[in-house]
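Below you will find one chain, with nothing else, as structure tokens; this is the form predicted on its own, and questions on how it binds or moves follow later.
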Amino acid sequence: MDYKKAYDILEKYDQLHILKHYESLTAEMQKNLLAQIDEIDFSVLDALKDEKNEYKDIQPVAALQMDKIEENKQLYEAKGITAIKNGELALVLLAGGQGTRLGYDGPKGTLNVGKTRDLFIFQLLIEHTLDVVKQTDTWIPFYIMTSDKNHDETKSFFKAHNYFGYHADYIHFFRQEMVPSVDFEGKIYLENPGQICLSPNGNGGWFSSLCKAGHLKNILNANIKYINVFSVDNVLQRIADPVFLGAVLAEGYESGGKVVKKANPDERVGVLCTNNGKPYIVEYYELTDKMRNQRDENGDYAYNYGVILNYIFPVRLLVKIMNEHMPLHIVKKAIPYMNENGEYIKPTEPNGYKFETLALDMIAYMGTCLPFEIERDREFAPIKNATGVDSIETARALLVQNGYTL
């Protein structure tokens, strides 16, 4: 991109202040700044003007419960195995986060949860996948979304550990897209004279990021029909689960989400349901007292199954989403920035907005979504906090409970 084109774009979005220091930059810094401008999707700024108050008609959806899954396990598993053997499934691991909240300096997936031996989060997730590779005698394409902060370190980590036994030709890395951060007036912040303040576009941007990295062509050419997307947090989750995939196919659903029975009605997890007849994940703070305590015909809580960010989506509908606009969530944040005097400021209170897309919003673009119940203690050991609930220690305890030696 040249200066004239960058100027025209910034003028259109009233962001010409980004070029204020352009003449004082070195040639290399000028080149980098123009490249940043070229990469940015400035249409995200339009979200600041949108004031949508969508009418919501939220209704519970019955989960496919474990007893029914066990009853039909052979059918589901056979159907899932056939699809995997036919090359219809790919995997996407969302691993752009750092371990900062855990008191760990590095990509979250490189965290070692072992005590007497190395047992990395990435290692556990790969080993779970290798179980299915061996079961199906099929290598499954495995895409790993990183961030600008951890891309090189993540790639080097996998290479240094020989991909934990996974076939290197089937592992692909791609960076998450970045979006600008703005002040409360909608002006994009600068970190320094030649650097725009950028942040990841949220976990809902995984498919657009994958496509931008050039992987969609290979996915379509390989006739991959489904993508199992999951987060790096959960060290016990079953990935490429043929029973899960087979249940989605056998029961005639477009997509599926693994869910766990809530520990209590007030547990802070999103619940798979419908909104105006479309699949929808209602956040815990959206549940009214009446909804939290509502019972179904069996006497169970109607909104009783929380999502764990492990979904199966059809590629054809993901491609359709690419031609539409995912909802953008505008979040108030404390954003470090360079002020008008050229000083770098690290505020302690929110001073602007970041823009995020969420994976849970993809559900609304699916015709139907199957809530697939899993056993909490066997498949749900998230590591989100340094201590307390969903911490390294609670995950370690569950790993031991499931036969792992730490």
Ligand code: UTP
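C-alpha atoms forming the largest set that superposes within 1.5 Å between two forms make up the rigid core. All values derive from a computational prediction rather than experimental measurement. Residues carry their position along the shown sequence, with the first being 1.
Omitted from view is the form predicted together with uridine 5'-triphosphate (UTP), to which the following refers.
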| Close approach of R101 to uridine 5'-triphosphate (UTP) in the model of the complex, 4.5 Å, heavy atom | yes
| task | Answer yes if any heavy atom of K333 is within 4.5 Å of a heavy atom of uridine 5'-triphosphate (UTP) in the model of the complex; otherwise answer no. | result | yes
| said: Even though the partner isn't displayed, in the model of the complex is I312 close enough to uridine 5'-triphosphate (UTP), meaning a heavy atom within 4.5 Å? | reply: no
| Any non-hydrogen atom of L272 within 4.5 angstroms of uridine 5'-triphosphate (UTP) in the model of the complex | no
| message | Looking at heavy atoms inside 4.5 Å, which stretch does uridine 5'-triphosphate (UTP) contact in the model of the complex, given the options 260-268, 79-87, 285-293, 202-210? | response | 202-210
| request: Just give me the single entry in C197, V307, L318, V232 that has a non-hydrogen atom within 4.5 angstroms of uridine 5'-triphosphate (UTP) in the model of the complex. | output: V232
| query | Considering uridine 5'-triphosphate (UTP) in the model of the complex, which of G97, P180, P279, P242 comes within 4.5 Å of it through any heavy atom? | reply | G97
| task | Compare the position of the CA of K333 between this form and the one not shown after a rigid core fit and state whether the shift reaches 2 Å. | result | yes
| F380 C-alpha moves between this form and the one not shown by 2 Å or more, core aligned | no
| task | Establish whether a shift of 2 Å or more occurs at the C-alpha of I312 between this form and the one not shown, with the two forms superposed on the rigid core. | result | no
| Between K115 and G99, do the C-alpha atoms lie closer or farther in the model of the complex than in the shown form, with a difference of 3 angstroms or more? | farther
| query | What happens to the Cα distance from Q98 to R117 in the model of the complex: does it get closer or farther than here, with a change of 3 angstroms or more? | reply | farther
